[in-house]
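Heads up, what comes next is one protein chain in two forms, each shown on its own as structure tokens, labelled structure 1 and structure 2.
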Structure 1
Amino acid sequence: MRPQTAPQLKSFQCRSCGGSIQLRTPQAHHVACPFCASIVDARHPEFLLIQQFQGKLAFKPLLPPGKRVKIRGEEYESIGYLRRTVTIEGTNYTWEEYLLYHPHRGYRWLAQYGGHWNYIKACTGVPKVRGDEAQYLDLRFKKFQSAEARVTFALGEFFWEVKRGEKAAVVDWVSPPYVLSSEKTEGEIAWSIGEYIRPEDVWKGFALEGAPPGQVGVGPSQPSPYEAARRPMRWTFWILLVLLVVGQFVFVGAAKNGVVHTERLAWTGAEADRAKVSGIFEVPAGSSNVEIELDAAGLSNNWAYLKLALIHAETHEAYDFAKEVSYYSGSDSDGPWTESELRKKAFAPSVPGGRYYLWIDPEFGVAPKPAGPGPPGTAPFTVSVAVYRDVPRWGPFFLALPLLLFPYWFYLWRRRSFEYRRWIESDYPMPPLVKMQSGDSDE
């Protein structure tokens, strides 16, 4: 609906308020008077009044018609300003559009909603749409929003027929930092593509003082601040994980895991309150861990609390431990059952070499009965001990693993939270976290 010929006059008087209107482009179609916002047909020989504005000019655009602006190093002149509104579930949502013009580069738009800005131009081709996805210039877009938009206010001149109340079916697809939009009116569909632009760059291009106002939420095309760290975080995580796993297997493979001493200590009923010591054994030289395996026997529906110590025979330096063993059995409606905790391990992380012995003092829930008929020395309670030197340990590995995972999980959570705040404003479900520009999956 562009004009066939450019108007001969460059200025005229508004047919509503009499204000002087200066035309800025040869393609001017409709002009909204900057003084009274009434709309005039700039192509008509008499500049016919199309629509008279009934109200006050309550909106003052940041970039009034006639002002120069520099965006992305390109200079344009502001020629038009629109306010457009959609109504969703009874709530109005309004955004601003600034129409920019350059004699050689043509038209551009700056659109602003909630402090978020997009630099927009008309598509040179028709995007391919398949369901909720669209493709344009090798970019894949996800459908974000669809609504009926109407013009609620206008100032300046436009190369199409602008009227207050004019409606268009608007659909937006996003692939941050880009937004693809279609506007359908009677018999016409117009496509445009926009790129997110920082408010600071807009303020600088407008030559405005101070700082731009704060942003509301996450803009539909706002690039994620976490996207640049996606690959470094993922590679760092996998490299550190491989190093951790390889280091653990090297540590396990290098561990000697040698048996230092084995012995069986027994208690009769009369000895239930006595501590016992093992024979003296040699722990090889060096400083490494020691693990003591305990295997109790002789308990029946009873428990024993074992206080034990690994004691150096010369210096009497002791490594103290405490373990509880128990055994219970019975039967119920489901049949016989047992609960056995007779095997326990005690661990000392760094023990110097030397001559040692074990001291064990049991405390029983119910004192063992004296030995009954049987071979001499029969005991109701025994503890078999085995002492190992330089045992491979998996505890540090499983402690380091969540410490390694946490930063990556935290990054993924922040990234997903950002996308959630973006898509909470959408009519459509949040898509998987993928790099939509290249299509490579992130998780």
Structure 2
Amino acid sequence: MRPQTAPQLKSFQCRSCGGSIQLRTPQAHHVACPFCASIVDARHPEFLLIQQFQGKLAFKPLLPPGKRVKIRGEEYESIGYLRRTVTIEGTNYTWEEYLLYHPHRGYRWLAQYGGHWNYIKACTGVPKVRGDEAQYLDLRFKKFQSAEARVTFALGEFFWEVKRGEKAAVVDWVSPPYVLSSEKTEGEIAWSIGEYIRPEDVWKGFALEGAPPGQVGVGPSQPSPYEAARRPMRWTFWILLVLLVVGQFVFVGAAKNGVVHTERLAWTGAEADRAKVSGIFEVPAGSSNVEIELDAAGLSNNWAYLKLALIHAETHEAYDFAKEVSYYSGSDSDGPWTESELRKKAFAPSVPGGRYYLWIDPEFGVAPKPAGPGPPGTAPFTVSVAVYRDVPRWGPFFLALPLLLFPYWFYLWRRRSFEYRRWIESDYPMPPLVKMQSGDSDE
């Protein structure tokens, strides 16, 4: 529906500059002259000059006043422009408000700060406030910021008594893409609710050429681009985690983990520099893994470097390994001590079935004495071997787990980083994830 033109709208001359002012709404209370920005009482029979503007018209509104616009499919007329400023810790922060009017729908605002726009209307009820939370309709808002705002510039007409320097205690609550605001002036609290609107939509609504100004940071009510993926990502993560855990238990449960050979190989002192082979044993058919457990004995303040090979008796294919075992003991002021590393495992991830034997060639830190110290027939150094087929593996699980975690962690980090940048401008900034050494903080 197009705005209807009021039939008896007034036109008068500005008391300050003499410029012709045409009223656009019958409810106009105060008018800021579009030529000199002086404020005139539009309801006074003599159009009384309320406030004269002494400076130059330094601010050019991004959106031209007096224009018919279409926002979210609704037509309005742009009738007023305000600049409002808050001072926080000595720094001024200024935003713009554009007053829109439709004879049936009433008033709307477009507010712009840092290239972020909100399409605002008055609340139809009073929101409930509890601590740092507010509830309006079915929306819950978190307190974002409170400050004293003052009008620093005005152009066009307004349905209230606007004055430069006029102050109001402004509190904003956010629940993206919505922002709830209260403005407290003497004896009155006005509530409004705004919804984030893309700058491109504002530009299109005002039929402006070119592109809107770039955005700075994250707007208080700017919808997070990561929010839509929140539930799908969370569900995907948990489903994948369950799949991985179940899969791991299936593979562990299916593993046969059978002993296919045990043997003890012994080296007397005279044989210390010789390689030995085990008896031939059968590795069951298949292509799963083989694990060889080594349990050495007979070392005393010595180490042994075991070169080891699992060799196929027919094809002569060899799987080479090397393991070091050691045993040290002594006594000091704290009493006797031992350092023992006598058990080791060698693992071949995929071994075809067939007849195999083990080849072991030890190398010692200190060569064993030719005659062993033990009873007759006792070897000074022994290695007990146990060969297992198809042992359960946890390596693939612990490799896959961080790979599955990483994308979800990265998503959470990006989402939190976005919220961090939103709240850094508020009275309640989020703690940074990483504290910089200089004392500055960043994500």
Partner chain sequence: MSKFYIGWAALVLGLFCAMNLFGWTITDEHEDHQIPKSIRDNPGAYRSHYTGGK
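One-based numbering along structure 1's sequence throughout. Note that the rigid core is defined as the largest set of C-alphas that superpose within 1.5 Å between two forms. Here the structure is a predicted model, which is why all the values come from computation and not from measurement.
The form predicted alone corresponds to structure 1; structure 2 is the other form. E188 shows a C-alpha shift below 2 Å between the two structures [criterion: core-superposed Cα displacement of 2 Å]. Once both forms are fitted on their rigid core, the CA atom of G217 lies less than 2 Å apart between the two structures. Core-superposed comparison between the two structures: the CA of E271 exceeds or equals a 2 Å shift.
Summarising the core-aligned comparison between the two structures, the C-alpha atom of N301 is found to shift 3.3 Å.
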